[in-house]
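Heads up, what comes next is one protein chain in two forms, each shown on its own as structure tokens, labelled structure 1 and structure 2.
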Structure 1
Amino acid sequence: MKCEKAGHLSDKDQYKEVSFWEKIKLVSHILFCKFCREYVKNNKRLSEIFKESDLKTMTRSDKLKIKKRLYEEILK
């Protein structure tokens, strides 16, 4: 497996979108590839950081409501 593919699997893994076999492939690749091991480590840490931050976004419909009010005001 090429590093490009391993990186892609690691990304998918952060969103729990890898199959069992893909995971096995990824783990066996990083066993021998220092470069990808580093990428996987950073990728996991990034996911942890997002979890720790507990960020929230506004829903699209809420944003639209505010936009509408703002536009009405701009048009006045």
Structure 2
Amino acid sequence: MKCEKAGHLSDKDQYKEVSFWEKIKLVSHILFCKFCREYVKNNKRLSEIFKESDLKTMTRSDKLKIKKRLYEEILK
């Protein structure tokens, strides 16, 4: 398996979207590939950080207000 495919499977694995055989292929690849093993480790760590953080997003209306204001400033 190519590393690009292993990376894709790792991403899918984060969301529990891999099949049993894909998981077997991924595990066997990362046993031998140091770079993909590091990628999987970092990918899991990043997912944990996002879960632990208390991120807030702007409402759609707030985004539209900012966009409108920026557009108005550009036209000045």
Partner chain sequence: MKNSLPSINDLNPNLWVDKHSDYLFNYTIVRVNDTEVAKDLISETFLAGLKSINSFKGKASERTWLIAILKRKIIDHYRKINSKKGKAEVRINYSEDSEIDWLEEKVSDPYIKNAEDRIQNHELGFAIFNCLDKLKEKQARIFKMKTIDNIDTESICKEFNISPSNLWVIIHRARKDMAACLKENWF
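Here the rigid core means the biggest group of C-alpha atoms that line up within 1.5 Å when the two forms are laid on top of each other. Residues that one form lacks are left out of the comparison. What you are looking at is a predicted structure, and each value in this text was computed from that prediction instead of being measured. Sequence positions of structure 1, starting at 1, serve as the residue numbers.
Note on provenance: structure 1 matches the form predicted together with its partner chain.
Core-superposed comparison between the two structures: CA of Lys23 displaced by less than 2 Å. Relative to the superposed rigid core, the position of the CA of Lys12 differs between the two structures by less than 2 Å. When the core is overlaid, the C-alpha of Lys63 ends up 7.5 Å from its other position between the two structures. Core-superposed comparison between the two structures places the only run of three or more consecutive residues whose CA atoms all shift by 2 angstroms or more at 54 to 76.
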